[in-house]
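Same protein, same chain, two forms; see structure 1 and structure 2 below, as structure tokens.
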Structure 1
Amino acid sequence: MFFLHNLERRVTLHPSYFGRNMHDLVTTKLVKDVEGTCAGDYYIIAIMDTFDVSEGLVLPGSGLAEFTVGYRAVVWRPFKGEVVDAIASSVNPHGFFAQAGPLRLFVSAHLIPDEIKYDANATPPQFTNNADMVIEPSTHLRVKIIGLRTEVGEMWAIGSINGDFLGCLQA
């Protein structure tokens, strides 16, 4: 689910950048450092604006200036039970991996409907029901998140395509 979140971060600036457009440089560095990163339970998708840039404090010994910047960001926090659209990235006999934006998902063969079987003889290897459903790399899918795991800078999920309206998306 997407949220608009007020956040704060400290940004350091090298003395060679001191001058008239220092606040613009601080904002640019903030965007470069923060957008697209995982911040624990959520991903920072985009920075909307900065609303509070403090006066710079010179750090002793290095000459760098440190600014505290308040900003609003669009964040995405996946929840257990949430349904997301994903793209399959690899398929193996135990299940398949998929990518839902920055989130990496694994869907186990136990969480795939019984009529869909792994076919190792196909090129590329795939899960198929020998009719209209084929799951191979680059297949667009709708997956329900059933578990999440977070570490510093990374997030993984376990998903399922057992259920109504889950599985391959027909173009």
Structure 2
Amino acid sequence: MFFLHNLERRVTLHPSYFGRNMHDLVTTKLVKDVEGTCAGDYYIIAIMDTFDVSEGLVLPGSGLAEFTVGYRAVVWRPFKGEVVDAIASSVNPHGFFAQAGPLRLFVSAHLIPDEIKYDANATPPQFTNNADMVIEPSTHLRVKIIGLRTEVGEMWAIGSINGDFLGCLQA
């Protein structure tokens, strides 16, 4: 789920940058440091603007000026139990990997309906129910997020397509 979230961060600036355009430099540094990272539970996709740059406080001992910047960002946070659209990226006998934006999901063979079976002989290897549903790399799917795991800078998720209205997208 995409959110427009207000966040805050402390940015330091080296004294050689003191002068005009300090706010611009602080914003640029913020963008370089924060955009595209995974802050624990969510991914910061893009920073829209900064709405509050505090006065710079010079840190004793290092001479760097510290600014507390409030900014608005487009953030993506997956929730357990949320249904998301995803694109299958690779298939193996134990299940398949899918990509939902920046998040990598794994759907285990146990959470795939019994009619859809792994077919190693097809090119490329795929999951199919030999009727209308085929899951191979770049298939569009609807997946329900069952579990999430976060570590510093990365997130992984487990998904399921075993449910009504989940699985291959017809469109």
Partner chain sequence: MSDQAHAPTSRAKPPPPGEEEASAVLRLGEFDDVDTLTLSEASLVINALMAKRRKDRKDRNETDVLNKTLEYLDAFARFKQKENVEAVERLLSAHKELTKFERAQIGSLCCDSADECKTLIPSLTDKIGDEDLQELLDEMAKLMTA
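Because the structure is a prediction, the values reported are computed rather than measured. Each form is matched to the other, and the largest set of C-alpha atoms that superpose within 1.5 Å is called the rigid core. Along the sequence of structure 1, residues get numbers from 1 upward.
Assuming the other structure does not fit, state which one is the form predicted in complex with the partner chain. It is the second structure that is the form predicted in complex with the partner chain.
Considering the two rigid parts that describe the motion between structure 1 and structure 2, does S89 sit in the same part as V69? V69 and S89 are in different rigid parts, judged by which superposition fits each C-alpha better.
What is the turn angle of the smaller rigid part between structure 1 and structure 2, given in degrees? In whole degrees, the smaller rigid segment turns 16.
For P60, CA displacement between structure 1 and structure 2 after the core is overlaid, in Å: Comparing the two forms, P60 shifts 8.1 Å at C-alpha.
After aligning on the rigid core, report the distance the C-alpha of S16 travels between structure 1 and structure 2, in angstrom. For S16, the C-alpha ends up 6.7 Å from its position in the other form.
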